[in-house]
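Take a look at this one chain, the form predicted on its own, written out in C-alpha cells.
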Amino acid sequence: MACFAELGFAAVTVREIAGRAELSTGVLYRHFANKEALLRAAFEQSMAEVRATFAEAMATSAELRLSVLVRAAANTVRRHLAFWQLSYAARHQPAVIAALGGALTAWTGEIVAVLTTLLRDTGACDAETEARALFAQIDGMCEHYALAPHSYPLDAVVERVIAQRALLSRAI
C-alpha cells in the first residue's frame, strides 16, 4: 500500500514493491499473479476490517447497532492508522479504481446492503438512501481522521454522527 500511495499504482513496479517489502520479486510472484492481485488483496484486507465492524454492531441490540458501528469504524481506523492512511491515499487514483473495477462496486454494494439492513431494523423509511448517507458520513469521518489524526476531533465527530442519526430516526 505504501508503494501504491507514494509512487502511484500506475507507476509502481512489482520489483519496487518487492524491494520495499524486502522480498525477492519471485517470492512476491509466488503469492500474487501481478500488482493488480496485490492491490485487490490489500483492499480485501480493508473489507475484512469493515466486515468486523459490522459483525460487532450486529451482535448488539437493534437500538445500539448504529452507535456501536460508528464507534467501531472509528476505532478500526485509529488502531490501524498507517494502513488506512495509505488506503485512502491509494483509492483516489484513477488507475486503482480501474484495477479494482467490479470488486470496488461489489464491496460498496456489500457495505450499502449491510447498512440498509441495519437502518431498516431501526425503522428507517428509505433505508437504502439513509444507508448511502450514513456510509458517506462514516467514510468521510474516517478519511478526515486519517488525513489529520493529530488535529481531527474524531471522538467528537463520532458522537455528533451518532446524535444526528438518533435525531433522524426519531423524526421518521
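Predicted, not measured: the structure shown is a model, and the values here were computed from it. In case it trips you up, residue 1 is the first one in the sequence shown, and so on. Under this definition, the rigid core comprises the largest set of C-alpha atoms superposing within 1.5 Å between the forms.
Beyond the structure shown, there is the form predicted together with the DNA, which is absent from this document and is the topic of what follows.
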- [ ] Could you spot which one of Leu147, Ala133, Val27, Ala55 gets a heavy atom to within 4.5 Å of the DNA in the predicted bound form?
- [x] Val27
Open item on the list: Please identify, from 56 to 64, 32 to 40, 139 to 147, 124 to 132, the stretch that has a heavy atom within 4.5 Å of the DNA in the predicted bound form.
Closed with: 32 to 40
Open item on the list: Ala163 versus the DNA, in the predicted bound form: is there a non-hydrogen atom within 4.5 Å?
Closed with: no
Open item on the list: Taking the DNA as it sits in the predicted bound form, is Val158 near enough to touch it, meaning that at least one heavy atom pair lies within 4.5 angstroms?
Closed with: no
Task: Contact test in the predicted bound form: Val12 vs the DNA, heavy atoms, 4.5 Å - done: yes
Open item on the list: With a threshold of 2 Å on the C-alpha, tell me if Asp155 counts as moved between the shown form and the other one once the core is superposed.
Closed with: no
Open item on the list: With a threshold of 2 Å on the C-alpha, tell me if Leu115 counts as moved between the shown form and the other one once the core is superposed.
Closed with: no
Open item on the list: Phe135 and Leu39: their C-alpha distance differs by 3 angstroms or more in the predicted bound form. Do they come closer or move farther apart compared with the shown form?
Closed with: farther
TODO: Can you tell whether Asp139 sits closer to or farther from Leu39 in the predicted bound form than it does here, judged by CA atoms, where the change is 3 Å or more?
DONE: farther
